[in-house]
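In the block that follows, a single chain appears as structure tokens, in the form predicted on its own.
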């Protein structure tokens, strides 16, 4: 912990071995999945039969690649559609929540903050089932009492968006709130003293300061929505997102196409993470 204190060689080598094993534990499964995306075999397993790009570009029934699989591409579009709206709603509400909990004092503030954190500790399956039962109960009530069929309360894209929004907003609120907590209020006070309105201060000082956190929270929200499975499984209908489509394919029998999809997801996630880091460093410099 203190560099000036000498450490026995055994301790240094133990520490290095621990770090090495830790990263091997994290990276090895991803490396295996990525490797078998290029295996010239009908099954994602050993032996290695040679290199091929068929699982990305193949167009035959036996070797249908990702970019030729219309059902898989459609599910990617559904996931992107859901993730876009979940991200937009989450960032808007999370920014509002951040100001509410960081800038204002009101009764039961701590209790309401803890209540906001509940979706993080509730298993995704339980959260999805709870939302499904509640929405179906309301839809049935509207149908029986008012003879109105409220489609968005039935399993479908709207309910998936609302279900993911319920817990992703909490994470985005924590990210943006942490950034807002560190802001120097004297910058805003100086602008007020110079005659700036609240809207002008928010637009020119506060929101630009929060931009790195908002971008980071948006990337996290998009990825969490795009790759969510447990909650989505309970709320989806015939329009299956990518994770549900992959799960259905896996039950029928895994092929290296799923490895190819997983590799593409790794690449996209890595690129978005790099963008988040770049934006953060650019704003802080």
Partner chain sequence: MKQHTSIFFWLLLAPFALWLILLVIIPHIDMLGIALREQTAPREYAFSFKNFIEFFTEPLYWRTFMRTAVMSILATALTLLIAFPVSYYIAKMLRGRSKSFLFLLCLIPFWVSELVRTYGWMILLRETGVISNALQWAGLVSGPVELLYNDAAIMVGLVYTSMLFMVVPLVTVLESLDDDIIEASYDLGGNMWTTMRQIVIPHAMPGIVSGCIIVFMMTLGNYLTPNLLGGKDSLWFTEQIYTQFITRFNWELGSAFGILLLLLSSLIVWLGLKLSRQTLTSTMT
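Numbering follows the first chain given and starts at 1. Remember, it's a predicted structure, so these values are computed and weren't measured experimentally. The term rigid core refers to the maximal set of C-alpha atoms that superpose within 1.5 Å between the two forms.
The following text describes the form predicted in complex with its partner chain, which does not appear among the structures shown.
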Exercise for review: Evaluate residue 29 for contact with its partner chain in the model of the complex, applying a 4.5 angstroms cut-off between non-hydrogen atoms, and reply yes or no.
Suggested key: yes
Exercise for review: Considering only heavy atoms, tell me if residue 146 and its partner chain come within 4.5 Å of each other in the model of the complex.
Suggested key: no
Point to revise | Partner contact for residue 88 in the model of the complex: its partner chain, 4.5 angstroms, heavy atom | key: no
Check your understanding: Would residue 56 count as a contact of its partner chain in the model of the complex, using a 4.5 angstroms cut-off between non-hydrogen atoms?
Key -> no
Review point. Only one of 162, 142, 71, 215 has a non-hydrogen atom within 4.5 angstroms of its partner chain in the model of the complex; which is it?
Key: 162
Check your understanding: Hey, which residues along 246-262 are within 4.5 angstroms of its partner chain in the model of the complex, non-hydrogen atoms only?
Key -> 246, 247, 250, 251, 254, 255, 258, 259, 262
Check your understanding: Is residue 271 one of the residues whose Cα moves 2 Å or more between the shown form and the other one, with the core superposed?
Key -> no
